[in-house]
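Okay, here we've got a single chain as structure tokens, the form predicted alone, with questions on binding and movement later.
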């Protein structure tokens, strides 16, 4: 019998309100009464327009922010409990890493291998173990040959890979990517997304990817759509992106192939299922043009 997967993040009625300059919480909630769970080994994409609350939600899950209201449990520890201590938080931070938008803001050393070693050193690990972790992390992101390079001389995609290596050296169970591809060129984006997929598939690391790129979200196993601080959709990519008109109402679009098929459907053509990937959309379009579709 297959073992039931563990819940790594459990959010129950989370609300977060930013403080104003006077320390008051008078603004509308950035996250409002949000409940969801994340199981180990999931690959989740979180979408939403600017100001939808998606990045705030990520920072709550990583304990950068403390919920204004609600209950949050991370890797079995209730971080909103009164007895949750700084020592508890420090221990959890090694298990739930976060890669931010701008790689330049995450690099702290002048040599790549020293940057990757920063986290393990703060854990107080032995020098031999730190070396083993640094080598393993650089190998995992394909950056072994750059170990002695200066980070500032690398491309944006390479810098982001070094930032990921720094998280991997901590041996995390969960990694949150907070719009980590938004400042990269197409090649850099592809490199980072490929690493996310491989870490999830081969290492079993739970991946939560905050993004505004629909093609990236379509590659996840689950998509959560935020709107005005609340969850508007939560399901498989094929299910979420089949609601094209509702996504438009939220200021979002589906992947390009899905958008094209949606317009053809409005013009009177039809197709079976919910094509999502580029190849699936091409096949559906070929059937339409080849007379395999009902007109």
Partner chain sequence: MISDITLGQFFPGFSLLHKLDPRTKLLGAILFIVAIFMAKTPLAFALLTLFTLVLILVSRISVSVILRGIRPVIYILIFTSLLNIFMTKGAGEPLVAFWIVKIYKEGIIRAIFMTLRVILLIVGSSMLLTYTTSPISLTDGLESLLSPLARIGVPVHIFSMMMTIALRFIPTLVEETDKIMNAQKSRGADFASGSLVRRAKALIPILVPLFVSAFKRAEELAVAMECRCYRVDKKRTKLAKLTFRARDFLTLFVFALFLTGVILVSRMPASLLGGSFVARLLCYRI
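Model, not experiment: these values are computed from the prediction. Residue numbers count along the first chain shown, from 1.
A second form of this protein, the form predicted together with the partner chain, is not displayed here; the remarks below concern that form.
Participant: Taking the partner chain as it sits in the predicted bound form, is residue 211 in contact with it (heavy atom to heavy atom, 4.5 Å or less)?
Facilitator: Flag for residue 211 set to no.
Participant: So in the predicted bound form, does residue 201 come within 4.5 Å of the partner chain, heavy atom to heavy atom?
Facilitator: No, no contact at 4.5 Å.
Participant: Considering only heavy atoms, tell me if residue 220 and the partner chain come within 4.5 Å of each other in the predicted bound form.
Facilitator: Although the partner chain is absent here, residue 220 would stay clear of it in the predicted bound form, with no heavy atoms inside 4.5 Å.
Participant: Can any non-hydrogen atom of residue 130 be found within 4.5 angstroms of the partner chain in the predicted bound form?
Facilitator: It does: once the partner chain is placed as it appears in the predicted bound form, residue 130 has a heavy atom within 4.5 Å of it.
Participant: Any chance 94, 102 and 167 all have a heavy atom within 4.5 Å of the partner chain in the predicted bound form?
Facilitator: Yes: each residue has a heavy atom within 4.5 Å of the partner.
Participant: Considering the partner chain in the predicted bound form, which of 187, 81, 194, 108 comes within 4.5 Å of it through any heavy atom?
Facilitator: In short, 108.
Participant: Pick the stretch from 110 to 118, 221 to 229, 71 to 79, 201 to 209 whose residues have a heavy atom within 4.5 Å of the partner chain in the predicted bound form.
Facilitator: That would be 110 to 118.
Participant: What are the residues of 46 to 63, in order along the chain, with a heavy atom within 4.5 Å of the partner chain in the predicted bound form?
Facilitator: Read in sequence order, the lone residue that approaches the partner chain (within 4.5 Å, in the predicted bound form) is 62.
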